[in-house]
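As structure tokens, one chain now follows by itself in the form predicted on its own.
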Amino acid sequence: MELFSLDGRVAVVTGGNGGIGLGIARGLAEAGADVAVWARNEAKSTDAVAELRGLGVRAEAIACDVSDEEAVADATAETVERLGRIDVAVLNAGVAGVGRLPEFPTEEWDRVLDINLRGAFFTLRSVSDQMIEQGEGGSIIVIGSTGGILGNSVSPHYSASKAAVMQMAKAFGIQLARHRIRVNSIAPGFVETEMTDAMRNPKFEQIMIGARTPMRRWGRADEFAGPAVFLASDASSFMTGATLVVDGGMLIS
């Protein structure tokens, strides 16, 4: 359907070389978008870009640590230099961690917040500035988490960061609407990725997947391509500040 076409558009996907990020990057490319993968692992990015180019679009790997303000500005400029513009940005780069009181280390709290929250802010600020300069609107998609809605006692800093970025999407959705830039978020549930490998154990599978998730299975990275293409495309042209929950029904159980 033409409504879902991304032909002629350029998308940035932070952390787009693996997991949900790569699943989304594939979907955007299949819809016709050229894609810039921003990530720290250059070897993984090279492989991801080769795969995306195989789908018939332009794709570029751009080294970027989103927690570094200057690196984000440089990545934005490099994307425009290589691909001409930025129309879509998926703020996916993120990390998790474990932290418990009373010995919760400050550096561990800062590590997660620096990437998940500050990095998302730096990216949103930089790409939206480019979109405003282009004068043709755009779509920014923030990857949140059901952990930012329910809370996660094992990883409270992850929960805090994801709650914050989803609220950030709403607030900047208001600010940027006059520029025809839409800001929405996606809240994944439990998804099979490298980041969630450490969570897989019999007790977790029984309680959180078997009992708490009505679909009784993990999500797959490729199941985020559809929601992302929808939010990136004209199919969602009257949506901003919304959160799409993609969790196999966990939040309603």
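Don't overthink the numbering: it's just position in the shown sequence, from 1. Here the structure is a predicted model, which is why all the values come from computation and not from measurement.
We do not show the form predicted in complex with a small molecule, though everything after this point is about it.
Among the residues Val66, Ala228, Ala33, Ala36, the one placing a heavy atom within 4.5 Å of the small molecule in the model of the complex is Val66. From the list 170-178, 75-83, 102-110, 141-149, the contact stretch for the small molecule in the model of the complex under a 4.5 Å heavy atom rule is 141-149. Using a 4.5 angstroms limit between non-hydrogen atoms, Gly241 is distant from the small molecule in the model of the complex. In the model of the complex, Val95 approaches the small molecule with a heavy atom inside 4.5 Å. Although the partner is absent here, Ser233 is not a contact residue: none of its heavy atoms lies within 4.5 angstroms of the small molecule in the model of the complex. When contacts are judged by a 4.5 Å heavy atom cut-off, Tyr158 counts as touching the small molecule in the model of the complex.
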